[in-house]
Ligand code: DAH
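The chain below stands alone and is given as structure tokens, in the form predicted alone.
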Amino acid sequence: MNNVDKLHLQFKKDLSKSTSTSDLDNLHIKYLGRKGLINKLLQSIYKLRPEEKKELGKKVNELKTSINQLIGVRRQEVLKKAKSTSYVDMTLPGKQYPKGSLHLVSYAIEEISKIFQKIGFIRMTYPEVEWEYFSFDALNMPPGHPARDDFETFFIDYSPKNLKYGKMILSPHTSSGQVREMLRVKKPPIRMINIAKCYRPNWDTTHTPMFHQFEGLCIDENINITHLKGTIDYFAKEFFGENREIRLRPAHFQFTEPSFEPDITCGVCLGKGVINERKCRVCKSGWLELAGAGMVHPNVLSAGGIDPEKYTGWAFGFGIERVTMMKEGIMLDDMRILYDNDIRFLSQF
């Protein structure tokens, strides 16, 4: 019996003792590894005659093929037997678990913050639970103003009324941050973007009881309407893209004079006002109101400790959910879906 046959018999004995994939891996290394028994057998081939070398090479290749096949068959037997137990094949790829993402509103907040950071605006956040004074009185809204009715504002009943600041409320807009920012800075120039949650008792396709706003405030010497219009144009181009149109309509707000309402062409009907021969349920006319804006009222500047004879400024308040609905490609016709926690919708972003 030659050395190849002896090695084959030795392998079969070792194979019969193998009961796990680990044993089979070790067996493969023992016989077929770089320093295995077959390579050691081949180290003596230089001593043989040419015809003997050819014969030995042929038998060694046959032995290698046989060993690989026998190990493969034995491995399948071991795995089949192990299926009824808690066997884990460490060579299998791991499970891919779903990866989460930020909420669509969070993405919008990040993008808006970066847009205004480029032109020197600092990011601020002021209280969600606010005093009547900062939300209304300091913004030139007298006690009888309709916005101060409990149909428009959430009042906090358990909080006692403050003699100076009035009742506590859930902030209905980020405009309360205007006076707070003036009092904090004390002396212009001021360039502030205030992003926060707001609360109003409204619930329909374009309103939710809790929503987000971002408030822009710029105060300095010789600030005028052209600066306001230029800033809104800049934001529209950065956020919505070149295909959307903006317009300014005269309006009235207590805390700005003159006042405007910036509109943008609807992103659902693309400014047509109709979809499939029916009125667009979002805009009704092709345009959607984005914000309130205007030059800061002198009374508001005075409430913030700023001299209205020396300084002027502009302010605007945009709803983040509203501008997100109108963003290119979103095609969202109901704001409420943002807060329905429908994973089929949220996983798209």
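Residue indices: 1-based, along the sequence shown. It should be emphasised that the depicted structure is a prediction, and the values quoted were computed from it without experimental measurement.
From this point on, the text means the form predicted together with the named molecule, which you will not see here.
Shown alone, this chain has one stretch from 70-78, 254-262, 94-102, 122-130 that lies within 4.5 Å of the named molecule in the model of the complex by heavy atoms: 254-262. Taken together, the three residues Glu181, Arg184 and Pro308 lack any non-hydrogen atom within 4.5 angstroms of the named molecule in the model of the complex. Proximity of Phe316 to the named molecule in the model of the complex: non-hydrogen atoms within 4.5 Å are present. Using a 4.5 Å cutoff between non-hydrogen atoms, Lys167 does not count as a contact of the named molecule in the model of the complex.
In the model of the complex, at least one heavy atom of His173 sits within 4.5 Å of the named molecule. Within this chain, His227 is remote from the site of the named molecule in the model of the complex, having no heavy atom within 4.5 Å. Of the listed positions (Arg191, Lys197, Arg244, Arg200), a single one reaches within 4.5 angstroms of the named molecule by any non-hydrogen atom in the model of the complex, namely Arg200. Put simply, of Tyr234, Phe151, Tyr107, Phe155 only one has a heavy atom within 4.5 Å of the named molecule in the model of the complex, and it is Phe151. Looking at 6-29, no residue comes within 4.5 Å of the named molecule in the model of the complex, counting any heavy atom.
Annotation for the pair Pro250/Phe151: C-alpha atoms approach each other in the model of the complex, by 3 Å or more compared with this form. Distance between the C-alpha atoms of Pro172 and Phe151: shorter by at least 3 Å in the model of the complex than in the displayed form.
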